[in-house]
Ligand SMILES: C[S@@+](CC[C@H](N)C(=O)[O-])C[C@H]1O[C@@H](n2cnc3c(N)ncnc32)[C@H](O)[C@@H]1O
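Only one chain comes next, encoded as structure tokens, the form predicted on its own.
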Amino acid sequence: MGKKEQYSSRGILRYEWMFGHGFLSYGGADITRKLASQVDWEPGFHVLDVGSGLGGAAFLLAEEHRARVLGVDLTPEIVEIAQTRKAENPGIPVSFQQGDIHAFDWEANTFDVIWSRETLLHVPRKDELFGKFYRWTRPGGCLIITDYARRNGKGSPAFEDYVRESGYPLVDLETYGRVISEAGFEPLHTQDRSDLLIAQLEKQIDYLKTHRNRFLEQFSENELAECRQRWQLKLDACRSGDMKWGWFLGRKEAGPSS
């Protein structure tokens, strides 16, 4: 499944079918709440959601933590759906913009939280982007990222084929964390949550099996096979240690404005 197909209208809806209404990332609302529990929320916190997808996390953070959320996503089809859902819920303080995060700029100290889920794996050189994140974050604010990483050294042939075909410039957890730290986010708490990703993938594969007929009401046999194959490949890679799921929580030291 290429990137173009992955983020086609049908591909988007397949992900949402798996992860729950509004979500395109693992664990849907449950994982979003686990991640959000690491923040000491105050009403009115300004959040930048990078790779905001259909807005599931944005709406949840706004409704449950009274945050103001700006979502940015590269894919026009995704942003169009998110904006439609915003229009259906005009009282919720969320907004969405389409574009490449590298092309945006905000004043220093704009956001209380910068949030990103399985998006930055597409970025080959993260140091410049994390430098921007640091500048945009207010003193005392935080960065929350979940993303794929890889083992040190070469993985299995199947995994290396997957990485090459996907075009993901994956690095190991230590390197990923070091780039965030070097941008200024200290202290940085790095977690290897591959165990949780394995559980999520197992759950997805089982869900596809037990809800096969319901899936086929909306999608095709080929799409079912592609989804199962993709989840199984990721599951095998995580079980072998080739692929990791990193959770990164960084903070900008409170102090003079940058």
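The first residue of the sequence shown is number 1, and the count goes up from there. In this text the structure is predicted, and so the values were computed from the model without any measurement.
In what follows, reference is made to the form predicted in complex with the ligand, a form of this protein that is not presented.
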query	finding
is_contact(residue 200, the ligand) in the predicted complex, heavy atom dist at most 4.5 Å	no
Contact test in the predicted complex: residue 72 vs the ligand, heavy atoms, 4.5 Å	yes
Residue 128: touches the ligand in the predicted complex, heavy atom cutoff 4.5 angstroms	no
Residue 78, heavy atom within 4.5 angstroms of the ligand in the predicted complex	yes
Among the candidates 178, 122, 151, 135, the residue which, in the predicted complex, approaches the ligand to within 4.5 Å (heavy atoms)	122
Which of 22-30, 59-67, 215-223, 202-210 sits within 4.5 Å of the ligand in the predicted complex, heavy atom basis	22-30
Every residue of 52, 101 and 117 near the ligand in the predicted complex, heavy atom within 4.5 Å	yes
Stretch 138-153: residues contacting the ligand in the predicted complex, 4.5 Å heavy atom cut-off	none
